[in-house]
Ligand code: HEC
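Taking the form predicted alone, here's one chain by itself in structure tokens.
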Amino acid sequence: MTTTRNNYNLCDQTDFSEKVDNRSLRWFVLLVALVAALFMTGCASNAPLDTLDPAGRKSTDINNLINPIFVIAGIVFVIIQGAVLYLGWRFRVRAPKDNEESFDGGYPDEEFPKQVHGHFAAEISWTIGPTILMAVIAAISVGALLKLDDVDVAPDGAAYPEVEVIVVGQQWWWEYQYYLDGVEGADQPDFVTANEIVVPVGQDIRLHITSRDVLHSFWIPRLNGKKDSVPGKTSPWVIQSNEIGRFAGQCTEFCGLSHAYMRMYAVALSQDDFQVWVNNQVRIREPLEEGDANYQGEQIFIQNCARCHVINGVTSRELSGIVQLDTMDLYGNIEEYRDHSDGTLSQGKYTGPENLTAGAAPNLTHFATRSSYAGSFFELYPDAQEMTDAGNYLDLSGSDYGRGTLEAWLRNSPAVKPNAQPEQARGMPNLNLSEADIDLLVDYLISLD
């Protein structure tokens, strides 16, 4: 039997190899560029989510859990990937050299590595070893997770040691209903605000998280992990900050067209500043008298904005045939978010599905005391981050504000924050205001301190 050898054109082989190398390099560069682009699209320079920079006790517990698990995962990754790369290199199939015989298509018949299938000791090791490792990781993780919604006793000197907040997600913003003496037994919140949850530094704040429309997820990474916001259900959660400052958050459950624009901030104040802030938030406004500098702006607000927005003491609305001022009675207690019953009129207050559906809008009673608006996607005060971190959050309403951005929002809000369902009251509609009305309305809104 005669063995023949294939004839190879070395120049052709060289050209082919170069073409393969160039094509592989192009695909590699394209892959790197694609991955980099995906990472960059997830970054927001004006709302950094500092996951690995904890500012509170709960987030520190999460960070302390992440570090050892990352170390373990890194060691396992290096061992497995190192073994795969070594075996791939050691037993690689290569093209035949000029003095080697061909084998079924031009490759030499190389020897296969020794097989270990059915090797008892090896199979027991790679079965029992990972099981023990995952059991240890699970025990550490469960222990840490069970503590994330525990509440410590408020520190001495806390002005409101029992303060609790109902957090309500909606397309596409967050509402905060404050109960200064806890939700148990309360039939209405003490006050309501939006987009920014303000807490006293060093104190655990119990949250009850829910939704009016679809699934959302509440996440302020420097203060705690994520908690889903589910319609008709409340989920307990806790945030706590060890330092004064302003911490960015983001809805992390895809909830519609403007999901990416549904942000929030947590603001931690000293105990004294928190008490001053609360005293201002519970203040009810009086309608302006004709002749007041902002009287016309208030009238424009009532005519165009009051069908959705509330300014306590100024606006009014009709529920089940009864006209009432916008007091805290419009916001049901926590039990109403657990109840899917039909809408009924009970003791002069409407209860039921109106609290569970879209159509509400942020309470604007003290709009100018917030640093952001429109789901915290726009900054009302350009220097808000620096001022808050320096402990000057209470002085925001006296500083320069972004008038141009606020005017653009009132001029055509769907153009700057997409809204594909205006008929379902998802997002703010275009009010088609004149430029003169926009100027008057901006002046009025910035006076709501």
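Because the structure is a prediction, the values reported are computed rather than measured. In this text, residue numbers run from 1 along the sequence as written.
Form predicted in complex with heme C: not shown, discussed below.
Participant: Just one of 303-311, 175-183, 241-249, 280-288 has heavy atoms within 4.5 Å of heme C in the predicted bound form; which?
Facilitator: Of the stretches listed, the one contacting the partner is 303-311.
Participant: Select from the listed residues Val192, Val267, Ala374, Ile209 the one whose heavy atoms reach within 4.5 Å of heme C in the predicted bound form.
Facilitator: Spelling it out, the residue with a heavy atom inside the cut-off is Ala374.
Participant: Using the partner position in the predicted bound form, report whether Pro362 sits within 4.5 Å of heme C, counting heavy atoms only.
Facilitator: Yes, Pro362 is a contact residue.
Participant: So in the predicted bound form, is heme C close enough to Met387 to count as touching (4.5 Å, heavy atoms)?
Facilitator: Answer no; every heavy atom of Met387 is more than 4.5 Å from heme C in the predicted bound form.
Participant: Is Leu410 one of the residues lying within 4.5 Å of heme C in the predicted bound form, judged by heavy atom distances?
Facilitator: Flag for Leu410 set to yes.
Participant: So in the predicted bound form, is heme C close enough to Phe367 to count as touching (4.5 Å, heavy atoms)?
Facilitator: Looking in the predicted bound form, residue contacts with heme C include Phe367, since a heavy atom lies within 4.5 Å.
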